Structure formats: structure tokens, C-alpha cells
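Quick setup: one chain, the form predicted alone, written in C-alpha cells, and binding and motion questions come after.
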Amino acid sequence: MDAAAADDVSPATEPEPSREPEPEVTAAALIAGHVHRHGPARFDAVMDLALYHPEAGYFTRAVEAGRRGDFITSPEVGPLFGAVLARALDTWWHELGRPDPFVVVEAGAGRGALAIAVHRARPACLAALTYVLVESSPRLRSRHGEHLPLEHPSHALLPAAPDPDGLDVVAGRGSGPRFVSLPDLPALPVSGVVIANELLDNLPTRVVRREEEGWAELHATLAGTGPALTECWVACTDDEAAALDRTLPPVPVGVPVPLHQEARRWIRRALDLLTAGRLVVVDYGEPTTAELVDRRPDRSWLRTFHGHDRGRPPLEALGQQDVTVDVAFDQLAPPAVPAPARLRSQADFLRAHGIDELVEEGRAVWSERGHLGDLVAIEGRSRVREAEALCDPTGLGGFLVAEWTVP
């Protein structure tokens, strides 16, 4: 090629240098790197990273409940759970004096199935309702607007400003429902209801056990020269051991116990958010730590799930499977806060708020319209099957519902 021809070659036509793809950030590699640099990591820190890391966490990788996910929650069974909750919301709204706005905060809202069902049920409080969906996963949060008319948080949650005459303007009275999507609990106090369905079991949980010499805590350490992790138990300090003696009931030596510190902090935050109203927590577990340990001494209260089945051990497949801990409800009351005003099974909660009446309505609709086979008839018939699943004492019906009231 002569010089003139060479001058005609534009730099833009030169081939791009090849670039190696960025290696995928994995929870296992992140935790192994931390252990390599700093030593054994506490189990709650491992659980936190495995579930919630912004790039590698299980819940931030668009995992969702439902038949296509790894587990089914009560709202994902069908719309009946939300229809019953709508009736409960009306009861609580009337108890509060029918405030407008009536704020309902759902923590751990997932893709929004419960909010959609409440909206479809059209409760009496709908015109006053401001429904806040709280979900930490950006991808799941991005789905909130698919079936709900979302508003900007500042429009729906900020207090009204005075008009030019100095009178308070109550913006939007009777203009509900309003739906808001947030990554965390609102910063402003609210009058209404905070509800968390199957949230606390996924909050990072410490695991401890009593030993002959004191207390020890579960940590993760490297199994060898590679990234694989294995369990190790690290002795607690004297101060930590004294705190555990005050917090936990007597348990047999060598039997692991969950320590729900993060769940207790969350309960405190949720109660502080309410100026008046109710906190409702639905989850699986036992009323007391002693019952949990007695019924599951083999540590089966710590489980993983993948593809609607049990997953691999908790320190394996990090970021690729759900890690969940049964809740010992007696640990949830923060200092200076009483125990829940009411603790009952999900089946009893649903029956108290009219699930049987809704099922009978469904049966009547099916009897009247079954020959048509239309959507209304099919939904009526499905209520029967949904109720069976929601009230099954060996499944969802055996979950516990804890309620705190703020006068």
C-alpha cells in the first residue's frame, strides 16, 4: 500500500480491540473474598449478602414468589387472601375513625400481587386509601406500575401545604386509591396499617448455641484453598454471652438457636412509623423460642428453597436460592414495647375477617353461572380451592399472625 492509500484509511475503520466480558459478580465469590481478607464471617452477614447484595443477591436478581418462582406466598395463591385483607382494612379503618388519607404500608411487596387483589376487592376505605408498596428489589419494584396506577411519593405522602388565605388544604380527600412504590419504609409518620407478609423470615438472622463454657456463634469460613465455605463456631465475648442469657430462654447445650435481632429492629421501625393504627406480621414459626428449638432440634428451622423444593445447604449456591429462618415470635418485642396484642394462626385470622362468607359467595356464583363457564364463574369456584390452601393447618393456615396496636 502506498503512502497516499495509507492516508485514505480512516481510524474509524480500524478494528475495535477485543474486550473480555466482565466477570459476573457472585455472592459466593464476594463472601469468600471477605473471609479470605478478614476471617470468618457471621452467618447473618452471609445471609444478608446472599439475599440482598445489589448485584449478586437472590432477591435483587428478579426472583419472585409465585408458581414461576421458588415459593408461593398467600397472595400468590390467588386473589382471595387480598379480598379478606380488604375486609380487615375496612374494620381497622372504622376503628381509627375513618381517616382520610388511610395509609397502608406493605413491606416486602414483591411484584404487587397483594395490592392488586386489595384494589380489585374494592373495600369501603378505597376512596381514602393510600397504599405504599415497599420492595427492596429494583426489578420487582419496576413491576408495581404494570397493574397499579402509581403516583409520585411526594404527591401522595407529603402533608398538605396551606393555601394563600392561611387555611390548611387537605389535598386529595376522597380521591383514592393512591399507590406509591418505595424501596424502604416511608420516612414520614402515618396513620393506618403496616403489614408484612413473609418478610421477617428473610431478614438476616444470627445463629447461636450454648456450650459448656458459654455461648458460641455460627460463622462461615473457607473450606480449603478454593471459594467453598464451611461452618465454624466462634466463642462469644463475655458481654455477648451475658446479653444472650438475658434474651434467650434456657436451651440444651449444643442446640443451635436463631437470634432475630434484625427482625426486632424492623418491628421497632415499623411501630415508630405509626402515629395510630396497627402493625400486622404474617410468617411461619412458633410462638416461643423454646417451642421452636424443642420441635426442630435438628436445625430444620433454617432452610433453603429453589424451584419449589428444598435447596442446598445454606452456605452453598449463595445468591441462587432462598435462605429462610422460622420466626420465634417471642423475640420480636423490642425493649419497652409489649408483646403483640394478638397472636393467632393465619386460618383463624382469615376466618375472623370473613373468608368463609367470601367462599360461600363464590359457591353461589358458581351455582348460578357455572353453566356459562365465564371468568366470573371460574373465579367463584376457585375461591373454594384457595381457601383450602390458605387455611390448611399443615401449610399456609398454620402460619402465625401477630398484631400490634398503636392507640
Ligand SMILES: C[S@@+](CC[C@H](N)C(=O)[O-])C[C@H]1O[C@@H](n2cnc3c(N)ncnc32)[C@H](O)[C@@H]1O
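None of the values given here were measured: they were computed from a predicted structure. We number the residues from 1 along the sequence you see.
Keep in mind the form predicted together with the ligand is missing from the figure; the text below concerns it.
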From A220, L292, V132, L199: within 4.5 Å of the ligand in the model of the complex by heavy atoms is L199
The one residue among V104, V118, L318, A109 placing a heavy atom within 4.5 Å of the ligand in the model of the complex is A109
What I'd like checked is whether G82, C125 and S181 together line the ligand in the model of the complex, meaning each has a non-hydrogen atom within 4.5 Å of it. no
Using a 4.5 Å heavy atom cut-off, indicate which stretch of 225-233, 307-315, 207-215, 190-198 touches the ligand in the model of the complex. 190-198
Determine whether any heavy atom of P75 comes within 4.5 Å of a heavy atom of the ligand in the model of the complex, and answer yes or no. yes
According to a 4.5 angstroms non-hydrogen atom cut-off, is W366 in contact with the ligand in the model of the complex? no
Should S136 be counted as a contact of the ligand in the model of the complex, where contact means heavy atoms within 4.5 Å? yes
Close approach of F43 to the ligand in the model of the complex, 4.5 Å, heavy atom: no
